[in-house]
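This document opens with one chain alone, in structure tokens, the form predicted alone.
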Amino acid sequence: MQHYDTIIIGAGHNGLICATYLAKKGQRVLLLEASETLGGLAATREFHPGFKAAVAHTVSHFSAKVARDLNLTAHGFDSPMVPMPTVGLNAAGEHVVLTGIGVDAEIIGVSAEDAASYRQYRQLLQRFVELLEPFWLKTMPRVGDTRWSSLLTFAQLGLKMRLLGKQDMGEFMRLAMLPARDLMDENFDSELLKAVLSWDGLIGSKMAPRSPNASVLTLLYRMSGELGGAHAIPSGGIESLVQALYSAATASGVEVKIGARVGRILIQGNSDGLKTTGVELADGEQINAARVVSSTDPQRTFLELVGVENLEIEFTNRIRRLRCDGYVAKLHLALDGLPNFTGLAKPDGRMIIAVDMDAIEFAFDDAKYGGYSQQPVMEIVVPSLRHESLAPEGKHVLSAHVMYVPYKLKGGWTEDARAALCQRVIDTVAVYAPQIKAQILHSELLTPQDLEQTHQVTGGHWHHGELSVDQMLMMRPTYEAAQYSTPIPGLYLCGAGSHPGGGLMGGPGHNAARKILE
């Protein structure tokens, strides 16, 4: 029987990162992926002959430290990247456009007062981004942990907060729990600008502008990194990041197997307690290892792969209560040419359709009761402008994240229901790009249920669980599993359900590897 130091379940970007760090320290590592492609939600797939796209269609806060540590540039990943403008679309072509990075970001399409307020807003938030940024790549200790390393982490956070000064420290404490709507109303008059700026605090979550549940913390998380919250598409596409991670992993000695679905994690029990001994694949093959690291979501890890018979009832109940129903659908359009959006010379940016925060709030209300909005809000990119191989010559791909599409639709996700939503989304895009319907060669709409089935992620949730105050930092995903180790010796977590969370950032994979190597 084969034996490894570490088996990692799931070859998304966090699994690849964790595997590479461990292999670089001399461990024999096996990385198992159930599907035939690597990258998880960042995997590029053909959705129509000659047309390709990934669910994760941009990079915004991938860790520069991870890129340096794994020497991803040498493996084909271009970092830093050129940021895309973010465009708040207006049907009349009177758009709000954000360009640049961090405190140097600029804005057009708003009043002089809003432009001045935006500069002050960015400067303040940048201070808070710098406060939190070091802690995204640290294990956040349990409250009450008195070990020296844990006390040092808390001391570092406390010191950085004190260095903000009394006024800004108080402002940070106030803003951290503030609903996005209050933050925007305090600073701006333009309704379109408010909607655009609140977007990154809300997308991928079960929250709306009025939700008082840490959307500002989520916004600060997404503003970390070299791009300062701006989005980019690498010159080689999202695929180039996945391929660079795979190349770095194999160069470090990681053994990767695709099409290798894990049926269960092997747990051995005796008078001394339980311990992890390896995995059993779906075909019955057993592989032994000193430890197993799961980059799949916590509910799938514990309830399906470990089994409740190996868990304490209180821990099982906490895992069952994790909120992980996805709220984002994905639209792909194969287009016969470049779409023309009213008022834009070229659709080479991240375009947001949300006329105001009420539009976002009302779409959330519809989803909350099991429906979807007739005026959907969404984020659109045309990735083939930055990566030509995604479409045949002269053709293009439109990729959209459609917010507030429930995992459980009232009446169920029938083919008719899916087709109706797809048409509704296309009709909405056509308000801003009037000729686009005539350009559509093929359309594909993936609901959260589709994402669950395709990518083996419970609820189809991007982040493997809500990024909310009770499921963040030292409580992510829950007590006894929030520091990457778990109640079962030899079993660890390294996926988006762990601190700091989801998105193409790499923190969970990096942090889990550090924990294992302690």
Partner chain sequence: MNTDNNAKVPAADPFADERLKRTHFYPRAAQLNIRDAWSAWNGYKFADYYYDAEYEYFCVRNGCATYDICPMQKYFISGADAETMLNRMVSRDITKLNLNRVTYLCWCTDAGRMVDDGTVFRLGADKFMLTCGSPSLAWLRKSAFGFNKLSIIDMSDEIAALSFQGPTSCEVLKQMGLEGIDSLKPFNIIHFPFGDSGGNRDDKPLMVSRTGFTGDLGYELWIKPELALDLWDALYAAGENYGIQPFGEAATNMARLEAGFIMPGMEFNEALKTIHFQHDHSPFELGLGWLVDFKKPHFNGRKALLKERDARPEYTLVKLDIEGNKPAEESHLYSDKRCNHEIGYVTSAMWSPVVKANIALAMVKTKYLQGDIWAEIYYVKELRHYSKTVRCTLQDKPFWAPARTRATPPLAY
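Keep in mind that what you see is a predicted model, and the values were worked out from it rather than measured. Positions refer to the first chain, counted from 1.
This next part talks about the form predicted in complex with the partner chain, which is not shown.
The closest heavy atom approach of residue 416 to the partner chain in the predicted bound form falls outside 4.5 Å. The partner chain in the predicted bound form comes within 4.5 Å of no heavy atom belonging to residue 186. Residue contact check for residue 50: none of its heavy atoms lie within 4.5 Å of the partner chain in the predicted bound form. In the predicted bound form, the partner chain sits beyond 4.5 Å of every heavy atom of residue 162. Looking at 57-65, 28-36, 470-478, 486-494, the stretch with residues near the partner chain in the predicted bound form, meaning non-hydrogen atoms within 4.5 angstroms, turns out to be 486-494. For the candidate set 123, 270, 167, 146, a heavy atom within 4.5 Å of the partner chain in the predicted bound form is found for exactly one residue, namely 270.
With the partner omitted from this view, the residue of 240, 213, 399, 310 that lies near the partner chain in the predicted bound form is 310 [heavy atom within 4.5 Å]. For the partner-free chain shown, nothing in 139-159 comes within 4.5 angstroms of the partner chain in the predicted bound form, judged by any non-hydrogen atom.
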